[in-house]
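The chain that follows stands alone, in the form predicted alone, written as structure tokens.
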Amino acid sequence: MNTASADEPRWLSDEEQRTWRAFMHATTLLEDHLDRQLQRDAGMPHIYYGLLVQLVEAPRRRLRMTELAMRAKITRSRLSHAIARLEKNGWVRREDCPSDKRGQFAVLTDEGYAVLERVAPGHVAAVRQALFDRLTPEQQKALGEAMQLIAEGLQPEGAGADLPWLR
């Protein structure tokens, strides 16, 4: 019988601690690996690449800034800074929203599209080499299911949700 009081922390078991540390170790190394590849090949961090991908997949290669922040899972402030850097490179431009004077769109330029076309093959190879080539199809499926479950649990719906794109 567990005699721990409700006020005591639920400490991680040894196995949970090993899993947690392996997760943190792997995700930190993976993000660094992808960042270095993109810095080397395109002079941009991984987060900027992700923003360009979101735009290329959007209708007319454009998204409202608030929608882009939500899809990228980043704060509006961080997005604004990133878009400013991407604008400076000529890869993105901002357009005012005609229906909302305060709203803006981020739009992928032809130059930004060309950068994605040039860099995507190397990025996909880096992702495949670092992640998918190391896992069996069953492990890939289990990883995808676990990450989806975790992401869903961290995105509560309703008023008062403390999510990055709402800050």
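A quick note: this is a predicted structure, and the numbers were derived from the prediction, not measured. Residue positions are given as counts along the sequence shown, with the first one as 1.
Missing here is the form predicted together with another copy of the chain; even so, the following discussion is about that form.
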**Request:** Give a yes or no on whether each residue among 12, 124 and 148 has a heavy atom within 4.5 Å of another copy of the chain in the model of the complex.
**Result:** yes
**Message:** Is it the case that residue 28, even though its partner is missing from this view, gets within 4.5 Å of another copy of the chain in the model of the complex, heavy atoms only?
**Reply:** yes
**Prompt:** Is there a heavy atom of residue 113 no more than 4.5 Å from a heavy atom of another copy of the chain in the model of the complex?
**Reply:** no
**Prompt:** Hey, in the model of the complex, does residue 34 get a heavy atom within 4.5 angstroms of another copy of the chain?
**Reply:** yes
**Item:** Close approach of residue 62 to another copy of the chain in the model of the complex, 4.5 Å, heavy atom
**Value:** no
**Prompt:** Of the options 76, 85, 93, 73, which one has a non-hydrogen atom that comes within 4.5 Å of another copy of the chain in the model of the complex?
**Reply:** 73
